[in-house]
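Let's start with one chain on its own, the form predicted on its own, as structure tokens.
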């Protein structure tokens, strides 16, 4: 989880990613942020986030992102 929060802070600093549960709904992560995030996650964890994974539920929180990453490892 620490690695994911570090990446999120690189993409969009100043957010309490440990507690925020509506990153997409509240507009904290923009579509550009998500594209950047996907690229960084793919490189860091050697995964391939596909178009079918691009649903808001997978990016609403650090926990949701971790769940996605774990699924794709």
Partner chain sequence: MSYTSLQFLIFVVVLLFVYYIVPKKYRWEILLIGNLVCYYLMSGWLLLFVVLASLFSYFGAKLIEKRKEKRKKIFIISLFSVLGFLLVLKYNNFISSLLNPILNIVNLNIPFKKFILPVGISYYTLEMISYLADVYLKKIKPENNFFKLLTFYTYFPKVLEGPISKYRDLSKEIFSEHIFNYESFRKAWVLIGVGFIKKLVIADRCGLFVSNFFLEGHTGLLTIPAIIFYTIQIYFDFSGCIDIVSGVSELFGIKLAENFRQPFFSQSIEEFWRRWHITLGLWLKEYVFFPVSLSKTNMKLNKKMRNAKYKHLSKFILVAFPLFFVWFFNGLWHGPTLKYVLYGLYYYLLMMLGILFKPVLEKIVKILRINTEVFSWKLFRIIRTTFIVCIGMLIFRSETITDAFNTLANIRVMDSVKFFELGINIKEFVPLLVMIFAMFFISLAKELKIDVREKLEEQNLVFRWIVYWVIIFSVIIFGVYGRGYDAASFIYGGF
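On a predicted model such as this, the values are computed, not experimentally measured, just so you know. Positions refer to the first chain, counted from 1.
The protein also exists as the form predicted together with its partner chain; that form is not presented, and the subsequent description refers to it.
Checklist entry - Does the 4.5 Å heavy atom contact test between residue 49 and its partner chain in the predicted bound form come out positive? => result Residue-level check for residue 49: yes, a contact with its partner chain.
Next on the checklist: Can you work out whether residue 18 and its partner chain are in contact in the predicted bound form, taking contact to mean some heavy atom pair no more than 4.5 Å apart?
Outcome noted: Outside the cut-off, so no.
Next on the checklist: Using a 4.5 angstroms cut-off on non-hydrogen atoms, would residue 26 count as touching its partner chain in the predicted bound form?
Outcome noted: Answer no; every heavy atom of residue 26 is more than 4.5 Å from its partner chain in the predicted bound form.
Checklist entry - Looking in the predicted bound form, any heavy atom of residue 11 within 4.5 Å of its partner chain? => result Close contact exists here: in the predicted bound form, residue 11 approaches its partner chain to within 4.5 Å, heavy atoms only.
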